[in-house]
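Below: one protein chain in two forms, given as structure tokens, structure 1 then structure 2.
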Structure 1
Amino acid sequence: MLRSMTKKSTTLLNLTAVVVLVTLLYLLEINKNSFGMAVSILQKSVILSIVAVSMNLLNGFTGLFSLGQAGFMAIGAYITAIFSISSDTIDSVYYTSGLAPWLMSFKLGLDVFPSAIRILFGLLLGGVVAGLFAALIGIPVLRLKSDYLAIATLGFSEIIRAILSSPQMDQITNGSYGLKNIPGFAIESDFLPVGTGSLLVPFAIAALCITFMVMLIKSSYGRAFMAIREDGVAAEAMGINLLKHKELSFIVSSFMTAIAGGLLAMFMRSIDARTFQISMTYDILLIVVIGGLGSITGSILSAFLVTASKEWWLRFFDQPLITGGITIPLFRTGFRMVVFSVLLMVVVLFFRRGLMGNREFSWSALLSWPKRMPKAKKGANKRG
């Protein structure tokens, strides 16, 4: 009965959900002062959801394993930061060696455009540069066994970090001092309430990025990616050019990861190379694995759940806990991350399908959930 839910009613539900979401986000962002924590968690979650989905595109749908997320994010973050920091404050940011003259004149040239355009330019340029790096790494590495991609991208990520903070890059990345005074998401205008855009802007960009990736997965190219994941030899025998398609997937994934990196720079307002350590890549992997390899909605859901638990709900793990005058010994700085790594291992070892497996969210599944529960397995077989 519910399975026969019409296309019309699904569209209606989707539309309603979007309207409700936008209204909620708007109400939250204009009352940022009272909901500071929620706003910041939502910002970070939605940014990480882009990275998680793009990791899933590569890992869950194409069967390739890149561990370069932190590096690609760093590229996006630095490029976005350089182009979005206002030219007026740039000297105070690069207070040691100043910004390289060629870059400065380029920046000044861009100043004829409004700041939103400059930021967008930075985000896109970050994505394009990351995509180029991905293409270059991909050509030698993607011909080989997929293992090498993991190690090559991990190496790349560490190198990027080292280069960003090296003294030779002082005039571009401000070396080990990092960049600050990066503008946030809020749109500054006399006609809009303060805080407008803090949530709607990152959510809108994330929606665009994720929609693109979903449309890609559902296209003929997406099917080709999945065929490669299932069996590379057979895919090749079906006329699919392995290298080309692996490159495509890797480039799109890296592009999106860099966009998310740019957004992260705007979220954090100040960045330095230490932000983009390997542990950041591992954090993303945690999100993807918990959400379920091969499920887009799983990755998104997991990005919000993991971020909220980590930054908010489970914060208390890091505080000393005193009950009835007795200090519980385990609770102190770092315990939270231990709990998360144990959680990752538990999911990897015992719940390999994660929250969603390779299924996707659907209204009919949600609405029929209470009834379906006991027979879930049967239903799945029938559909399969």
Structure 2
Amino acid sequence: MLRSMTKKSTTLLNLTAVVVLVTLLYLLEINKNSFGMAVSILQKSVILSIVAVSMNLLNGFTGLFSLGQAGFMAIGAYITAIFSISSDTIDSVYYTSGLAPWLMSFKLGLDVFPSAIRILFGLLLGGVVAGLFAALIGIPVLRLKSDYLAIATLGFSEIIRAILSSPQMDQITNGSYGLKNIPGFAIESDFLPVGTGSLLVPFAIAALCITFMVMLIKSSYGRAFMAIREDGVAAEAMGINLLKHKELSFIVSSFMTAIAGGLLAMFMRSIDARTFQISMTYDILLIVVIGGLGSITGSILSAFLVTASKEWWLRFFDQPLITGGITIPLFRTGFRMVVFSVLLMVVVLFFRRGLMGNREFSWSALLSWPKRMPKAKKGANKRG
């Protein structure tokens, strides 16, 4: 019965899961004062899941080892922040050189629209600009392979970070001071409680982005991506334009990464160039590898597990522990990351292809999992 689940029953289960998820998110929304830490972890996790899936699209499905995610996130974060910051607080943000006159005029023209429209415009513009950068650098860079491609994209990420923090960009990015007073996810509406949106907004945007990438992977373009990953020479012999499809994968991945960067700016409420260092790309790569290269659901699951473990569940290891009047020496600031690293090593040793490998979540596999557990043979414990 489980193996022959119809499309109708699968759709019903999916709809039920969505309804339950939205209900839980709404309950957390209206009680976020009591679950503040959980709300913050969920916000950051769902943002990182967008970046992880977009990186998996490039690294896991197309076979391109790119490490430029932090740079594209920075582009999206800064553009979203610039256009979402209220014009009334601009002087308190750009207190050294002021905002560029041409940019200020453009912002004042956008003030006729509600804040939600301005934020959405900033997110989309950040994605478009990141996509244009990806298209430009992709022409020479995507001809490289393996480690050379990784080094080139990593260098691009550092160049973007250096440009954003340079004194010449003071009137646009505020240089090394960064940007603050960035609005959060709250929605102003007469039909919803005050402050609603802290979870519903990022989850809704993440659902749209990930759904688009899933549809792309399941299309003919996605099959071409996977053919390139398996064997580029054979794919080209079959008539697949390698550069065209690599460019498409690179542009879509960069676009989604920039949108996630804009959401991260709204989550943090203030940003500077140091936020988007190389370590951020490594964190995303860690999430992708732990979840499984070539698995969308693996990247999503890993984003939540890694973020919750690193930022919340293991926090008690950083606090001094006194038992029977004896202070345990290991429990001190920084020990949390040691434990986290050990757990990562255990996961990699037992799940060498990640938690999900290249598989995806399915209801039939979940419901039939207890039945697939190995059973002890009769008489196995009997002697002779």
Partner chain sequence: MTSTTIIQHILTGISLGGAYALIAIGYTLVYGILLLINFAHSDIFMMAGYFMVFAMAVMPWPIAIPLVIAVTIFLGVVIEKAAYKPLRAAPRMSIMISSIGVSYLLQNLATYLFSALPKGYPTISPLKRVFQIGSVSASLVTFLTPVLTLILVFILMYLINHTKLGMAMRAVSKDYDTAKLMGIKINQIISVTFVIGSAMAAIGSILYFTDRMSVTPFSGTLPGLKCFVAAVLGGIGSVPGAVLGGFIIGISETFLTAMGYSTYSDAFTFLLLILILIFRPTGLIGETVTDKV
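No experiment lies behind these values; they were computed from the predicted model shown. FYI, numbering is relative to structure 1, first residue = 1. The term rigid core refers to the maximal set of C-alpha atoms that superpose within 1.5 Å between the two forms.
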Can you tell me whether structure 1 or structure 2 is the form predicted alone? 2
Determine, after fitting the two forms on their core, whether D147 shows a C-alpha shift of 2 Å or more between structures 1 and 2. yes
Relative to the superposed core, what is the Cα shift for F317 between structures 1 and 2, in Å? 3.4
